[in-house]
Ligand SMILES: C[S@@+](CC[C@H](N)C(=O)[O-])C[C@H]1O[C@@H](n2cnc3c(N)ncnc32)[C@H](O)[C@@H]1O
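One chain follows as structure tokens, the form predicted on its own.
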Amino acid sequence: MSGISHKQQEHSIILEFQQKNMLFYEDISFEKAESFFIEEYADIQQLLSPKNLINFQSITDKGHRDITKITKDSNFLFKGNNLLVLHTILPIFKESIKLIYIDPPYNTGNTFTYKDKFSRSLWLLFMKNRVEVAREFLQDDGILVIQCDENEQAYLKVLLDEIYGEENFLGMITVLTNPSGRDYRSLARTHEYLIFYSKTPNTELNPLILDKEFKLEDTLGGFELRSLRNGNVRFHQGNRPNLYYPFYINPKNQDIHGHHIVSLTKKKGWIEIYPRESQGVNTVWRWGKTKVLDNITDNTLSSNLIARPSKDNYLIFEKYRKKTRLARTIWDNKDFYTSKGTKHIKELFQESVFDYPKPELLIARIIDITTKPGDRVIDFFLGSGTTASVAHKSGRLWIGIEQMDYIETVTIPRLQKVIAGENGGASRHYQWTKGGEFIYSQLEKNETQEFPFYKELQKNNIINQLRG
């Protein structure tokens, strides 16, 4: 279901590709992979109808335990085709997810642990089938984040504009993942992308909390100085007259930092200061008079606005006290390198058991700017379990979906190590110690592999508990 109206679509760029209105189904968990296109509505409905989830177990660092009672306030790991699992659990978790993060196959043609080679139109159909249903899981302020490289980034962006709405595009971040570059083709590629979409307009990302100490301090605490003048010449006296006014500076009163008192009232012996001229226009202040009056006192050590002398006059500064800032669009932190994820997995298993796992601190950054503790996160291309591991350490609820058999040998053991208190990856970032559990279940297959390969939902007490 598209996130934009028919009227909006008339003025939008729509991505067309082969078999766009069909459903592509592939199951690579059988010895012989099954794949086909479905066009008839009735067949699509049959395939996507809820299926049976079986073998519910509670898993801790001590082992597995069969269960007969369950609530939605748990962490869940499901084994099975992600498209079928998503449609099976949708009635349970509809509009309850704050963050969906996925790292799908990149369509590179390379050989990975999972299949990663589709034609472009097939890959787009594969993604469309999944991001459409994914949108229904998001709460109103929910956010979708997809990691990809340049192979399909441009096409994926247009597809997401169509499904989620161009107005809900929050931005795209370039992540330095391999500073040495991959030496093939014409350029050594060093980065990947994170594409951010919200479900509804006006959704905001959380600012980053900075680990910093301020060099300056007054009676209100630490601060740094930021110019009050708006340096953008597009805003000037002509179109922002309310922001063009004088300050008055007492040149004889100076505190221990060399700061001077400012006022909006003209006083004898005080110096009048207007925003400086730039490129032939009178620039303006960033604050209006009302906000200024709320932030100045007659003592520089308790005022949030001060003046400092410059070569030929005085400059007005805001005392900026926040230890936060908006995330930037380029992330070049060494902790985000792919090699960090690989090293962490080797430390956990004493060998390399998974190709190109994402580093935990990269996922931690995404979780930090999109969620708060207690929110629920879902990753339906879970792989080695990085998203679930970080969500668990950060105090978020999580759902993971993975259909490959390494879920038993890599993903579950990794999560058990998290519960036991492993101290790598994002553990220090969240001051993680140990604890918790998760529920593990599987899609039930038919004994005979006939369409749709999985049993329709039957009376199941555990599933009914969730649906209730």
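Position 1 is the first residue in the sequence shown; the rest follow in order. The model shown is predicted, which means the values in this text are computed figures rather than measured ones.
Another form exists, predicted in complex with the ligand; not displayed. Remarks below refer to it.
A.B. asks: If we take heavy atoms and a 4.5 Å cut-off, which stretch out of 379-387, 211-219, 294-302, 256-264 is in contact with the ligand in the model of the complex?
C.D. replies: Correct option: 379-387.
A.B. asks: So the ligand isn't shown here. In the model of the complex, which residue out of W123, F354, Y164, W398 has a non-hydrogen atom within 4.5 Å of it?
C.D. replies: By the 4.5 Å heavy-atom cutoff, the listed residue in contact is F354.
A.B. asks: Identify, from the list N107, N75, T370, N82, the residue with a heavy atom within 4.5 Å of the ligand in the model of the complex.
C.D. replies: Residue within 4.5 Å of the partner: N82.
A.B. asks: Check for me whether the ligand, as it appears in the model of the complex, comes within 4.5 angstroms of all of F56, E437 and Q442 - heavy atoms only.
C.D. replies: Looking in the model of the complex, the three residues F56, E437 and Q442 all stay beyond 4.5 Å of the ligand (heavy atoms).
A.B. asks: Give a yes/no on whether D43 approaches the ligand to within 4.5 Å in the model of the complex, heavy atoms considered.
C.D. replies: Result no; D43 lies far from the ligand in the model of the complex.
A.B. asks: Would you please decide whether K358 lies within 4.5 angstroms of the ligand in the model of the complex, comparing each non-hydrogen atom pair?
C.D. replies: K358: yes, in contact with the ligand in the model of the complex.
A.B. asks: Quick check on E408: any heavy atom within 4.5 Å of the ligand in the model of the complex?
C.D. replies: Although the ligand is absent here, E408 would stay clear of it in the model of the complex, with no heavy atoms inside 4.5 Å.
A.B. asks: In the model of the complex, is there a heavy atom of the ligand that lies within 4.5 Å of any heavy atom of E39, even though the partner is absent here?
C.D. replies: Flag for E39 set to no.
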